[in-house]
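Next up: just one chain, as structure tokens, the form predicted on its own.
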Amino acid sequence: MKYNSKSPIAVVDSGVGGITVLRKLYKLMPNEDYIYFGDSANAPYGVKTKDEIRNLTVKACEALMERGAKAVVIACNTATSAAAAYLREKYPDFIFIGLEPALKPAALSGENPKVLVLATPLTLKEEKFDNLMAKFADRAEFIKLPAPELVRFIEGGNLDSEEEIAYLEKILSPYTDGRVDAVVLGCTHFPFARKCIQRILGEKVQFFEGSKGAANYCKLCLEEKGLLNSADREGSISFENSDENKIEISKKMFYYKG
């Protein structure tokens, strides 16, 4: 593996959801080059076994490393849980940035807030998630809410469709009484549904996601290793997907203003 400061940053996701992380990375480091790989042909990851997800994620990451990426951002909470520790152990000198649900900032957002955690079924069942939640159990009341179908709607690129809205209204109906203080968007797909969720739960509900923290940590790691690109120009983005039909959708969602 040969890479230097001018090498690209790779962003890997189960589909198009990691575009939300790519957007944060590009805003923070616009002069870097990026390769975005979505594995939409195998999406959604959240209903697969941990071994299946790890194998798919490792295969994608290693392919991008071979192509000279200087860092890989695993822009998926589910894939991070399944594969990040394995990859860091196998390649201890390489930069892997993972995602985790933003439980800490949500728990600290008020006095004993009631926090709704939307994520994939696998993320919510992970021991890693339970351990993270236990750290802040005395600071907030957490409610797990799996939302596997939301990934499918967003993968289609038809944001705020009637079907998506009906699905969200159904699963969120028990929480429209104003008692929810915060929502953790525990899947990188879900920020694309934030406005719809806000309309259902009310304007006072705060939202938290892990993409900004991941972008900041990526920059810090690159800086520590002397791998930040110092070029004074706008970086490039290459969109790739195991389902070629999703490449144009990925581009559309990167520039989505909603």
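Numbering starts at 1 and follows the sequence shown. Since the structure is predicted, the reported quantities are computational estimates derived from the model, not experimental observations.
Quick note: we don't show the form predicted together with a small molecule, though the next part is all about it.
Heavy atoms within 4.5 Å of the small molecule in the model of the complex are found in exactly one of 174 to 182, 115 to 123, 86 to 94, 128 to 136, that being 115 to 123.
Only one of the listed residues (168, 151, 140, 103) places a non-hydrogen atom within 4.5 angstroms of the small molecule in the model of the complex, and that residue is 151.
Heavy atoms of residue 73 never reach within 4.5 Å of the small molecule in the model of the complex, leaving it off the interface.
When contacts are judged by a 4.5 Å heavy atom cut-off, residue 187 counts as touching the small molecule in the model of the complex.
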